[in-house]
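Next up is one chain by itself, shown in structure tokens, the form predicted alone.
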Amino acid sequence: MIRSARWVDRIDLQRFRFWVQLTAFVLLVYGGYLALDLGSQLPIFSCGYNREGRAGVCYLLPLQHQLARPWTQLFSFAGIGLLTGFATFLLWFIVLNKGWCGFICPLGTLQDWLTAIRKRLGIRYSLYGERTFNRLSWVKFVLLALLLLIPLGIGGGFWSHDWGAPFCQICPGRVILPLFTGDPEQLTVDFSSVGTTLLTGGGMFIAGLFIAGSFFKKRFFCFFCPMSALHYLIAKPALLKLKKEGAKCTKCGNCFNVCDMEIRAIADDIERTEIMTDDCTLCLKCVAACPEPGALKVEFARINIFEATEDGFLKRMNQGAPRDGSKP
């Protein structure tokens, strides 16, 4: 048991995460060709518009369709389907918490690959100022609210069905992920109505922004992701937890330097034990970069599975882990 714990603490997280992300990407984008079906309540962007290749569907797509039902149906027995779908989504989510973002989500993986290309090209990335960071942190919650309210307005007769599934229409996953299975159908603007024109045109623009932004900001889209906001709101019962023991923290700043989401609290906050914030993707880079034994750790169902150790830190330094925190 001790030997196993030492192996985990000394793991090359960068390499381990790369292979997990690659495997998840292949399964979610191409698993449909192998008849793999994980359902339609997944807590990541497994895009429903990737019709043949998908191995499952992002929960936000059926959620918006269900909320757009007439209110007389939504608040009757048909509402049981909505509750059942959310319960299934919650069960998926509870297992990994926001680790779905850091290790599994295809859009998150694409951003990490674009970051790797940026590094090879020698393009410098920029950092948000603290005021800008705090303002941007609210965007994801605004998008989540609109994602819920617009379909409800459709069901109540306030808006046309042309505005249906509004977030999916502007999501970069709708445009980009089908391209990996050779389907360019979503690379169009639907001019059939004002609503579809605005939404699909916005989707094309945001897809371009997603690609361009990833060359200048790590995890550019994750700052604005409504799925991330939903994750944070329901994270309390999740099994996977990021913990901090403030008394052991020396505020060296290593954790902040490697954080793709530029979360200052991971270094500065020595009061909270559960340190995960709304922007955190649980990529665990902060734990791997921490030189103070036990200052940061990861628990699964209250069992310690990965923590900062001096030996692990030194081994990862020799393996090149600091490249995650470099600023070329």
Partner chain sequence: MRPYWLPVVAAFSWSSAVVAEAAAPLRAESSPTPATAGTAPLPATQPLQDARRVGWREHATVAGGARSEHTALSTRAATLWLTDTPPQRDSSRSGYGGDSGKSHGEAQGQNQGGRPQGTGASMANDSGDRTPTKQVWLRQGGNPQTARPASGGEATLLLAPDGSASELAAESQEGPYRVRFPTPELGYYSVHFIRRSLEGGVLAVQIAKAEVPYSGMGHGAKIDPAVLAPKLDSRVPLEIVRERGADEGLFTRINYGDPITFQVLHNGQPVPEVQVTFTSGQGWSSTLPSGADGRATFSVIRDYYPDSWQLFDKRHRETFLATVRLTRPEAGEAQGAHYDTTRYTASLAGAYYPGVADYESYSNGLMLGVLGLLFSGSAIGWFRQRRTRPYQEVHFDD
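Positions refer to the first chain, counted from 1. Here the structure is a predicted model, which is why all the values come from computation and not from measurement.
This next part talks about the form predicted in complex with the partner chain, which is not shown.
Notebook entry, point to check: Looking in the predicted bound form, is the partner chain within 4.5 Å of a heavy atom from each of Pro70, Ser126 and Ala212?
Noted result: Answer is yes for this spot.
Notebook entry, point to check: Taking the shortest heavy atom distance, is Glu185 within 4.5 Å of the partner chain in the predicted bound form?
Noted result: Judged by the heavy-atom cut-off of 4.5 Å, Glu185 is in contact with the partner chain in the predicted bound form.
Notebook entry, point to check: Is Gly155 one of the residues lying within 4.5 Å of the partner chain in the predicted bound form, judged by heavy atom distances?
Noted result: Yes, Gly155 sits close enough to the partner chain in the predicted bound form that at least one of its heavy atoms falls within 4.5 Å.
Note to self: Does any part of Leu143 reach within 4.5 Å of the partner chain in the predicted bound form? Heavy atoms only, please.
What the structure shows: Contact check for Leu143: no, nothing within 4.5 Å of the partner chain in the predicted bound form.
Next item on the list: Indicate whether Gly208 is a 4.5 Å heavy atom neighbour of the partner chain in the predicted bound form.
Entry: Heavy-atom contact with the partner chain at 4.5 Å: present for Gly208.
Check: Just one stretch in 147-155, 247-255, 87-95, 227-235 has heavy atoms within 4.5 Å of the partner chain in the predicted bound form, so which one is it?
Finding: Comparing against the partner chain in the predicted bound form, the contact stretch is 147-155.
Check: Which residue among Ile80, Val139, Leu121, Val189 has a heavy atom within 4.5 angstroms of the partner chain in the predicted bound form?
Finding: Selected option: Val189.
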